[in-house]
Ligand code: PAF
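Just one chain follows, in the form predicted alone, and it is written as structure tokens.
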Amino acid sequence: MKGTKRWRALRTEPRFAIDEIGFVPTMGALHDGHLSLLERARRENDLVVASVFVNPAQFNDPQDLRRYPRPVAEDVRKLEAAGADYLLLPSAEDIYPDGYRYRVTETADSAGLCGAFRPGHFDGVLTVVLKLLNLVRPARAYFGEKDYQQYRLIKGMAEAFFLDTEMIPCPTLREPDGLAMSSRNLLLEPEHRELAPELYRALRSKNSPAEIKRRLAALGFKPDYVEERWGRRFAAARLGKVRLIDNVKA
């Protein structure tokens, strides 16, 4: 379903007054990690709604936005196979009719980790998620723990604004070699894809964050950070034109 007006009209039908909705917001280029969120939503709710929206407000690099994969037809096929009941597929004009004049800003946890290297990123994330939650009005929304800082900020926003939706964290799914599943993996050059699992291996080591950062640089990564907080160890590093993030329990 395209367009927020059509969705809002559909949302008034009697069926939605009695059924619990599980919601999986995505930026598309779906992989098994996304599908695991859908499977859990299917188990725990009467209806499952997914969204596919490449959110321009969360990209601080215009080239990164242009490169982001958009296999919409394949995404639709995967969503149908996974049992999603509805797909919300809005345009930027649907989501930002005000031109992004109004936005959500968090003033503490968003300043570190990815927030320190991607100015405005989490304003874009929180704003779009709040808009989507207000459109869908789900009982539960599902988020992968690979983006743990993002999940933590969204959960805090929901509590701060008294939203009724329960935010559900789901474990990171990984490729057989340990690389965290991500839509951005599609953009890795073959030699970088071979090297990419070293990020996870480094995070799991007993080395200090500083030692891990030096190790990643020696392997050919360009690390932004390796830090520990909230009982986890986080890292972000670039391989070629692709920025990878991951985290593990400390």
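So that there is no doubt, residue numbering starts at 1 and follows the sequence shown. Please read these numbers as outputs of a predicted model, since none were measured by experiment.
Unshown form predicted in complex with the named molecule; subsequent notes refer to it.
Q: With the partner left out of view, is M27 within 4.5 angstroms of the named molecule in the predicted complex by any non-hydrogen atom?
A: Although the named molecule is absent here, M27 would touch it in the predicted complex, with heavy atoms inside 4.5 Å.
Q: Quick one: is D147 in contact with the named molecule in the predicted complex, heavy atoms, 4.5 Å cut-off?
A: Contact with the named molecule, yes.
Q: At the 4.5 Å heavy atom threshold, is V129 in contact with the named molecule in the predicted complex?
A: Residue-level check for V129: yes, a contact with the named molecule.
Q: Please tell me whether any heavy atom belonging to V125 falls inside 4.5 Å of a heavy atom of the named molecule, as the geometry stands in the predicted complex.
A: V125: contacts the named molecule in the predicted complex.
Q: Out of 51-59, 221-229, 38-46, 197-205, where are the residues with a heavy atom within 4.5 Å of the named molecule in the predicted complex?
A: The contacting stretch here is 51-59.
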